[in-house]
Ligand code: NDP
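Below sits a lone chain in structure tokens, taken as the form predicted on its own.
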Amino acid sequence: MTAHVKPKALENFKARDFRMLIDGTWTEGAGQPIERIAPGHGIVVSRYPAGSKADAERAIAAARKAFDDGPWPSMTGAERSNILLKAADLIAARADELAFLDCIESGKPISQAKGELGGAVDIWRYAAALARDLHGESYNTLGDGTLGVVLREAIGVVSIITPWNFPFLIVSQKLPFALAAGCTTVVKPSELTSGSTLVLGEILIEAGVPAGVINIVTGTGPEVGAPMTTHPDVDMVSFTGSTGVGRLTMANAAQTLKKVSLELGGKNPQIVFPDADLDAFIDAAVFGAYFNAGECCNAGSRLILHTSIAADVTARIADLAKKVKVGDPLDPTTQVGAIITPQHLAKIGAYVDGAAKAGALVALGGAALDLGLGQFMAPTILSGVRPDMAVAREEVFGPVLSVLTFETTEEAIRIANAIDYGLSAGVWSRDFDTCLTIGRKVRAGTIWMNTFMDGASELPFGGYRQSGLGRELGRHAVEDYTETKTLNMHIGARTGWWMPR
């Protein structure tokens, strides 16, 4: 690998200063700004206000007033849809700017960031269509004297808390659906990657979203996130992040019995049978393990290989993984970028060291890479992993692939299900019966068959067990941001229970 040098794109670069958005006004924070150091380049690239509890409360009050008194909830679905479509067009027009921010702040490759922006635009357009399609039900089969109508009404004020690994894509899996339903929102992006979300605030104002409907408060979880999950004027919390913080979020929301949607961790298996198309699988295995440097809740971090093919397949995966280009996130040919923080890089390394001490073999990589600037991790493969090892059960959130083996279908299913998570899984076999058996028996929200990490705006996304609650995307995503109300209408005279009959 070549030495890492500062790219031309950053030679005359000046760090960008941002402000928070509260009630339609861009505002400074009271404290020292948060400086974001680019994980791939080691320089300050962004500064954000360090929001406080008071800032979060002001944003919540603005969202409450906008919901209770403002025009957004009472607009027609078509009116909201048109604004969301305009937002999608503006996102597309500023896609290079948004991708650049996500690239330098998160360390992800620029080519990947641009792909994510294309996916986000599609999600905004899909949510805009759903704004016009949200509807309830009617029942005229309850007898001549009764008509039942079931309404879907916007739930109210929604707190949206997003992580650092997919800054723009994940806010796009939440915010447009909440807006389509007629909700008002307070958004807290990660303090590591707030830039693209703040630009989204500019876009939504330009698209015509009224003041107070979208508020963006930057800062840390204890200062900003906590009041967003406990405040009585918040009706729902939508959170994506670690399972540990998800538990805390759920406990906070329980104080006022808020609705909670949680998209949390994963330890996702790919189960491979001897009759699989191994060429296709090996490419998918490398992609699933090292996409976004493995900092992905959907990462295919566990391979469960049939014993008859395990040695050969592991060797072939290692050969392909050696060709994966790790380097400057701004280089269009880079496939794996930087690790988000030095602390997280150390955590990944500790998992690898712990696995080796427990008896796993480091078949590839296993160490940090010195590329001159920033922090990088070599694509890593651990073979001989047992199901009871921490690296096989816990979310490493890095470019580390654990290889386990099985003899029977029943054993593969048992290994796949023997963890706390259930976000996604893959199965590889030319036998449809085998694929369907795995698909029915593995407890996960998405099962890929002879592919991995494919997706579409139309398909629901979410997990079982400690991978979270609720679903994002799909035609029912807007419904998650609504309450159901029954109107039970009586026609004609009513006979009271105490009157003679």
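Note that residue numbering follows the sequence shown and begins at 1. This is a predicted model, so every value here is computed, not measured.
The next section is about a form of this same protein that is not shown, the form predicted in complex with the ligand.
Here the marked residues 189, 219 and 226 all reach the ligand in the predicted bound form, each with a heavy atom within 4.5 angstroms.
A heavy atom within 4.5 Å of the ligand in the predicted bound form is found for one listed residue only; from 126, 164, 72, 291, this is 164. Of the listed positions (146, 256, 242, 111), a single one reaches within 4.5 angstroms of the ligand by any non-hydrogen atom in the predicted bound form, namely 242. Stretch-level contact check against the ligand in the predicted bound form with heavy atoms at 4.5 Å: of 304 to 312, 258 to 266, 318 to 326, 151 to 159, the positive one is 258 to 266. In the predicted bound form, residue 177 stays away from the ligand, with no heavy atom inside 4.5 Å.
In the predicted bound form, the ligand sits within 4.5 Å of a heavy atom belonging to residue 297. Proximity of residue 347 to the ligand in the predicted bound form: non-hydrogen atoms within 4.5 Å are present. Contact annotation: residue 376 falls outside 4.5 Å of the ligand in the predicted bound form, judged by heavy atom distances. Although the ligand is not shown here, in the predicted bound form the stretch 68 to 92 places no heavy atom of any residue within 4.5 Å of it.
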